[in-house]
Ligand SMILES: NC(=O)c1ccc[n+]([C@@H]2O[C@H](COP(=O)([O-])OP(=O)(O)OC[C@H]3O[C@@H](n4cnc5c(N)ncnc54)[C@H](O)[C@@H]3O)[C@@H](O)[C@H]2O)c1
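The form predicted alone is given below as one chain in structure tokens.
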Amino acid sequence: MQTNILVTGGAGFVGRNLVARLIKGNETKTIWVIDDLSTGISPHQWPELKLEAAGREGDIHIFQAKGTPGTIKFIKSDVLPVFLGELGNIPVTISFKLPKMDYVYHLASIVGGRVKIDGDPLSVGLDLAIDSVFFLWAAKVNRPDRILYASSSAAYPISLQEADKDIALREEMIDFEKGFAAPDFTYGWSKLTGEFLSRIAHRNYGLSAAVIRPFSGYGEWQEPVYPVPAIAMRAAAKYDPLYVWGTGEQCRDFVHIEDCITCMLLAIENIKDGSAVNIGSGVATSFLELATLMGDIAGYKPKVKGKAGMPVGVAKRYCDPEYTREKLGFYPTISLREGMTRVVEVAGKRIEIGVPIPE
């Protein structure tokens, strides 16, 4: 039986790792990837999955993963014209029609790390359009069997993430019936709205939708605009002092991308009502601690210092993982040291091939 899966934003860091997991196995699948490559990587260059070009159908580029019966169909496009074209709301000419989807993983968003969130908030606000058009398309045109919406820990109230507070963020702290406090800038507002649309899609249109709130996901081939790979490259190059942005005292809940993907797959199979689960470890680690760990992994003991004048975000963001454990039986399996060891090793390879070291 043929399974059709759509991954919007599938050429980005999370999307590539998701597709790499989905394509495994003996089941015949077609994985549709829509991405404009504004921040993603073309499929023939993916470091997480080796693909071979297998032809073209108009604007659809076809790829095969060696050793699997699955097919990847890649569409280089912003998701908005694709969905609006199928809705018939604007005169967009597209040379294809998406099939009825069994699964949709909606990851597409405006991304670029803290620099983008703080430096270009109105552009990030386009996520509101992306998500509203997506859910309208899902409800009115395609009606996929299951949807996963990728929200973010940025949806949580920033008032609960201040330096003088030590609160593990729980799913119930976002309550659409009783009200909520301000999330993290336009990115947080857009994700909060996407979560609300997920609930409406289920309640008003009968769609099965699950929502995830990942905390600080990281992995080997994450783009160096994000802090973990950037610090890792400086550590691999044995910078001393080893700088982190801000004071370095800001804390995050780091979870490896492989664990993130595992939780995503569990969520889409087990949640239907548009409700959300956290993806995190429940442990708050400061960037000073993280950089010290990376220095140790790289085999030296640098002085770790903060760097003023750089965007840092909230002071302390970590989750309470208990509800996800109860709901999905999910536990992260990759320790912080193991995960960061992998990241530092790849950081060294990046330096060898001439990737610039972020300052």
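Here the structure is a predicted model, which means the values were calculated and not measured. Just count from 1 along the sequence shown to find any residue number.
There is another form of this protein, the form predicted in complex with the named molecule, and it is not shown here; the text below is about that form.
Among heavy atoms of residue 40, some come within 4.5 Å of the named molecule in the predicted bound form. Although the partner is absent here, residue 183 lies well away from the named molecule in the predicted bound form, with no heavy atom inside 4.5 Å. Remark: residue 187 counts among the residues lining the named molecule in the predicted bound form, judged by a heavy atom distance of 4.5 Å or less. In the predicted bound form, at least one heavy atom of residue 191 sits within 4.5 Å of a heavy atom of the named molecule. Within 4.5 Å of the named molecule in the predicted bound form, a heavy atom is found for not a single one of 171, 251 and 281. Though the named molecule is absent from this view, in the predicted bound form it lies within 4.5 Å of a heavy atom of just one residue from 243, 103, 196, 226, which is 226. For the candidate set 286, 142, 247, 216, a heavy atom within 4.5 Å of the named molecule in the predicted bound form is found for exactly one residue, namely 216. Residue heavy atoms within 4.5 Å of the named molecule in the predicted bound form occur in exactly one stretch of 64-72, 303-311, 29-37, 49-57, and that stretch is 29-37. Looking at 1-38, the residues that come within 4.5 Å of the named molecule in the predicted bound form, counting any heavy atom, are 9, 11, 12, 13, 14, 15, 34, 35, 36, 37, 38.
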